[in-house]
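To begin, one chain is listed below as C-alpha cells, in the form predicted on its own.
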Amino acid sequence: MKPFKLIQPTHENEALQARSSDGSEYMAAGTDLLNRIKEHVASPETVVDLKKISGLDQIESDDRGIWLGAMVRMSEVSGHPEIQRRFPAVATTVGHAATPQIRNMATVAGNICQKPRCWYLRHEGYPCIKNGGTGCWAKDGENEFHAIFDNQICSATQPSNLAPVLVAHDAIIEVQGQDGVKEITAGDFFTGPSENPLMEVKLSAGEFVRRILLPAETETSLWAYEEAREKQSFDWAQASVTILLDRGGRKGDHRVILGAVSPAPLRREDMEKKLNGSDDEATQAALIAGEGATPLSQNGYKVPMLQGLIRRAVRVVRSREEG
C-alpha cells in the first residue's frame, strides 16, 4: 500500500479545507477506499477521515422524515425501530448488505459512494474509460456480473444495495461543499456513464455527503425487496428488484427500481403501470423486464433472473396488502 497522510478533522470546514488540495480523498469507514489503495487503483497523497466530525453519526426525525447521518453504520439502520416501522424496505435492504461484521463498520454514505466492483476498473493493468483510459474492457471480456442496461460506454454496475431503495423513496442526499449545503434527490444523485463515465454520484470536487433524508411523504407498508446472488454469504447482488406501492397513501403512486443491472438504479415506469391489482399483474410486469436490455456475451441470464424476481416481489407486496 502506498503511504498517505491521514487528517482527522472535527469540523466540516476543516474537512473542506483539507480536501481542497489535489491528491486527497474523503474516507468514511474505509471499507472501499482502503481496498482501492491496496489494489493500487487509488493513490491519494492525503486521506481526510470524516468519522470525528460531530453530528454525522446521528439518526434524527423531524416533520420531513428521518435523517441518516453520513457516518451512521449500516447495522444501525437495519436495526433501528423507527426505520423498521416507517421505512421497512430500507431496513430490510440494508440488512442484506455484505456480512454482519461489515455492516457493523460500513457507513451509509460510504455505501452509496463506493466505486463499482468491476475487476477491470480495480486492476491497475487495465486503463478503462472509468479510470481515465478508453473503452470498456468488460464488453468483450469477463462480463458475467455486468450491466444489461445502459452499457454501451461502460458496463460496470452500481454496487450499492442501498441506492435502489433510496431512489424508490425519493430520498434526499444532503451534500456539503465550499459553497454551502445543497440537496439532491436520489434519482439525480446516482448517475450513469452517458452523463460522465468517471462519476457514479454527483459529487463535485471537495464535496461530501452530510445526511440522507427518508421522506415522510413516501412512507408505505406495501413494499418488497428481492435479490439474487451467486452465493448467499458475502456477495453483491446479480440483480435486485425494489417495489413500493401507494407511497404516502396515494393510490397508484408506485415505484419499481431495478438494481445491479445498470450503472445507476433503474426506474421502470412501464412496470409501475402494470401494477394495477389485476390477476396477471406479476406476469405482465415480468414480461417486459427485458425491454431495452442489451445483454453482453455472458450476462443474458439476468433477463430471466429479473423476470423471476419481479414475479416474486409482486406476490410479496400483494401479500402484505392482504395482511
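From 1 onward, residues are counted along the sequence shown. Note that this is a predicted model, so its numbers are computed, not measured.
The next section is about a form of this same protein that is not shown, the form predicted in complex with a small molecule.
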State yes only if every one of 243, 269 and 271 has a non-hydrogen atom within 4.5 Å of the small molecule in the predicted complex; otherwise state no. no
Among 229-237, 216-224, 80-88, 131-139, the stretch whose residues bring a heavy atom within 4.5 Å of the small molecule in the predicted complex is 229-237
Out of 153, 102, 199, 184, which one falls within 4.5 Å of the small molecule in the predicted complex, going by heavy atoms? 102
Using a 4.5 Å cut on heavy atoms, which of 57, 32, 281, 39 is close to the small molecule in the predicted complex? 32
Contact with the small molecule in the predicted complex for residue 208, defined as at least one heavy atom pair within 4.5 Å: yes or no? yes
Should residue 27 be counted as a contact of the small molecule in the predicted complex, where contact means heavy atoms within 4.5 Å? yes
Does at least one non-hydrogen atom of residue 157 fall within 4.5 angstroms of the small molecule in the predicted complex? no
Please check if residue 118 has a heavy atom lying within 4.5 Å of any heavy atom of the small molecule in the predicted complex. no
